[in-house]
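In the block that follows, a single chain appears as structure tokens, in the form predicted on its own.
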Amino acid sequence: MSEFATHIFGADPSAHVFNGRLYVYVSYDEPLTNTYDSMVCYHALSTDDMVNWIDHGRILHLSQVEWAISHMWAIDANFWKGKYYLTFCAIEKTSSTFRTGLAVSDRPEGPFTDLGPIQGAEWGQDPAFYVEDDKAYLLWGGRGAITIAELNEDLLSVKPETVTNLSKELNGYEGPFLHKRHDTYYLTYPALDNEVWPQRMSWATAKNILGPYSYGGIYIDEYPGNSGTIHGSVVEFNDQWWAFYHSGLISGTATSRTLMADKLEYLANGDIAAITPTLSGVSASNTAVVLDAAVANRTGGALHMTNATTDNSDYTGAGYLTGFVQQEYGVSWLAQIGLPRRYEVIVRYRSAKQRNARVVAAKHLFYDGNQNQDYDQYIKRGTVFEATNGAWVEYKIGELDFASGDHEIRLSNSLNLGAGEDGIEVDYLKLVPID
């Protein structure tokens, strides 16, 4: 397979299976920059077949983390006692050192709410969050060491007596990830020998989660097109083991990285077989960006006098939006795009009556009427949303070329409605790449 979700540049993919669906949490590379300092947010991706992917958009941003000032680097996530938790790292304002943060969500795709830094994880860079039975563990790397510790019940601190430096036996450097196969713990991590780059994905095993771990070898060695760093994860999904990682194969740079996934095989003796990265993955059109309207104000957009609500109908996210009753009442979404590409712009909505709304994407106004009308009629008409008899429908607004970077997409009401009249109701925005 190799590359996937090529609509964005991303790194540090952390993969987990929740409710039968695979979720991958990734750090976000600003398109075609030359620095890691510009990394300030995370995305969640998901699939049920490893071919068709959904990008759920931005799930946490630096501006939502009060204690942090910069450098939102590698992450992990897991399910713990009824909630989904994100462990991430950033430079702390007061100390100017890396700290591991904790964020929470009711849904695996987020968005996540910051709970603060985890106490006791010194220089808490590149965290991994492992759960087994009724115990939770934090792993972290940085400054040439990989450390593990058991977390307390609230996950906001580690148990000091369990803090263990695993790099005493290994050439571990940073970016650890832990998985279990049969009765053996596998630690995967990017390794450096004597500070010689690039990193190579290595593995080690133990029978006890706190070690000691025995070095196993390298399963992704140096290769043409590497990005210097090579953080990743390992997960079993649909009876197949997968290795996730990142490369520089598409951009040709170290700082605009491509998400990668390959089948991972175990030899008869339990060793991990070598993987050779290539560009042979699925088409970019197999990844749709689906942005939940109900949480748009938490994922880089805004609610403009509209309200999130729920009922028993088949909306798809955390809820849906109502209140499109006056001119410019609406919603804005943030879409983050890697390489320039053409997209279909689709809205899932329902409405009891035909309504008119304005859709502006990447500063382009979609319009399905006669553009030679006077300005007043041009503004009022916008896009016609037909009555749906109470059913949710996907409506293709149009197609548009998106450049690299951040784009606002706004849907707003065109006319003031009368007292007691209902406007459209909106479930999500979808962008589908056109190859």
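The numbering used is simple: start at 1 and walk along the sequence shown. Owing to the predicted nature of the structure, the values given are computational and were not obtained by experimental measurement.
Beyond the structure shown, there is the form predicted together with beta-L-arabinofuranose, which is absent from this document and is the topic of what follows.
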Sole residue of A44, I409, M39, L60 within 4.5 Å of beta-L-arabinofuranose in the model of the complex, by heavy atom
M39
Among D292, E174, D76, E109, just one has a heavy atom within 4.5 Å of beta-L-arabinofuranose in the model of the complex, namely E174
With a 4.5 Å heavy atom cut-off to beta-L-arabinofuranose in the model of the complex, the contacting stretch among 155-163, 224-232, 100-108, 274-282 is 224-232
Is there a non-hydrogen atom of T205 within 4.5 angstroms of a non-hydrogen atom of beta-L-arabinofuranose in the model of the complex?
no
Look up in the model of the complex whether R355 has a non-hydrogen atom within 4.5 angstroms of beta-L-arabinofuranose, and give yes or no.
no
Mark Q125 yes when one of its heavy atoms lies within 4.5 Å of a heavy atom of beta-L-arabinofuranose in the model of the complex, and no otherwise.
yes
Just give me the residues of 384-411, first to last, that have a heavy atom within 4.5 Å of beta-L-arabinofuranose in the model of the complex.
none
